[in-house]
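Just the one chain here, laid out as structure tokens, in the form predicted alone.
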Amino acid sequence: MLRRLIIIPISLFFVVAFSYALVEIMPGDPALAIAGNTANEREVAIIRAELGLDRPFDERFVRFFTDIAQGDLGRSFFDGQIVSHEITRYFPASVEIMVLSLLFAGLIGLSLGALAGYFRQRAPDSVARIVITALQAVPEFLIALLLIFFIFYLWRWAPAPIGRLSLTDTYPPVVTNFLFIDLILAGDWNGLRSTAHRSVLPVATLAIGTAAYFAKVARATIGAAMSSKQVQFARACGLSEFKVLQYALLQARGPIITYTAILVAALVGGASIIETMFSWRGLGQWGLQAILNKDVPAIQGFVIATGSFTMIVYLALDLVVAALDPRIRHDRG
């Protein structure tokens, strides 16, 4: 744990450096994007000076690291908002859709994978593999479009994808920035039902796309566990098949938890398109809009926030897996 805690600041340094270099090599001029295509060179030069973009590279680089060390991510070039406050504002929404999606994806994917692993090389396994392959082949944005077309447009089972609340609902007072929790604290049960109803399509979109990965890992790990000596010994002792499957799941929990952590890190920024399609107002949507606007401080803050969260997730993964399986020995370094 101490070794990994020491590695985090070093990794964070490279994340910050990468975020700075990434923005520097991006095509386009942020000052021109703010001024507009009709602005003359003098107006663009004035904006560049106000933003500090006319200073030498090394001076901007040192100032950037100094501000980051003090916890200052700067202000947005477009609306002047403090970037760290915007991250705090939008990040909880991304956590909510990520947690809900992983819960449903895990329930569907692990059930499908366990079924395929238990009946490996038999008819249920063949059907499960076809379903897994089909789910992996369809991109998430296409799943979103299909769900919107059928469930909202044709069948009217879900509301329009225009936000997390209807136009007649009001957002509760901000306490935690987690909308579900704030609605419960405010006692707004109508708003809670509306939010839950409007969460069905975006959560289902990410859950369907992610369930295939859970199913694939579960099939491989549970299938291998079912042919292990531990399971053979359990059967020889006369244990029920349900109990045998439980032992197989215990053997497979390490790889499943590892893959869950990988998916958590991937969904933090990878759900940006889905958040945009459903107006979820999460960190991914905010970061994507910053990229389109060439909003340098917001882009850098987005990269640093997602990179830091990923490192924390992987640190927690190491600790959880080590606690579940004492046989694991971590190499030095």
Partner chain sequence: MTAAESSPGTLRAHFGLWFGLTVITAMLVAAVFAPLPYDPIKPNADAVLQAPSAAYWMGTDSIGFDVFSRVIEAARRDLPLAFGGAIISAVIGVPLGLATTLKGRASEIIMRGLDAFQAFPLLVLAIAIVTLTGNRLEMVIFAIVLIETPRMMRLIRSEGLAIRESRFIEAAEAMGARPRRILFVHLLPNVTGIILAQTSIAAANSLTVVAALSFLGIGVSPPDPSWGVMIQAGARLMTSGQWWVSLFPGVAVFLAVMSLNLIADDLDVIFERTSR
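Positions refer to the first chain, counted from 1. Keep in mind it's a predicted model, so treat the numbers as computed, not measured.
Heads up, the form predicted in complex with the partner chain isn't pictured, but that's what we're talking about next.
S.K.: Does Ile257 reach the partner chain in the predicted complex if we count a contact as any heavy atom within 4.5 Å?
M.R.: No, no contact at 4.5 Å.
S.K.: My question is simply whether Leu319 lines the interface with the partner chain in the predicted complex - judged by any non-hydrogen atom within 4.5 Å.
M.R.: Although the partner chain is absent here, Leu319 would stay clear of it in the predicted complex, with no heavy atoms inside 4.5 Å.
S.K.: Does Ala31 reach the partner chain in the predicted complex if we count a contact as any heavy atom within 4.5 Å?
M.R.: No, Ala31 stays farther than 4.5 Å from the partner chain in the predicted complex.
S.K.: Within 4.5 Å, heavy atoms only: does Ala39 come near the partner chain in the predicted complex?
M.R.: Judged by the heavy-atom cut-off of 4.5 Å, Ala39 is well away from the partner chain in the predicted complex.
S.K.: From the candidate stretches 86-94, 164-172, 128-136, 178-186, select the single one in contact with the partner chain in the predicted complex, where contact means a heavy atom within 4.5 Å.
M.R.: Going through the listed ranges, the match is 128-136.
S.K.: For the three residues Ile82, Leu100 and Ala204, which mark the spot I'm curious about, does each lie within 4.5 Å of the partner chain in the predicted complex through at least one heavy atom?
M.R.: Not a single listed residue reaches the partner chain in the predicted complex, so no.
S.K.: Determine the residues of 283-301 with a heavy atom within 4.5 Å of the partner chain in the predicted complex and present them in sequence order; the list may be empty.
M.R.: If the 4.5 Å heavy-atom criterion is applied to the partner chain in the predicted complex, 283-301 yields Leu288, Ile291, Leu292, Lys294, Ile299.
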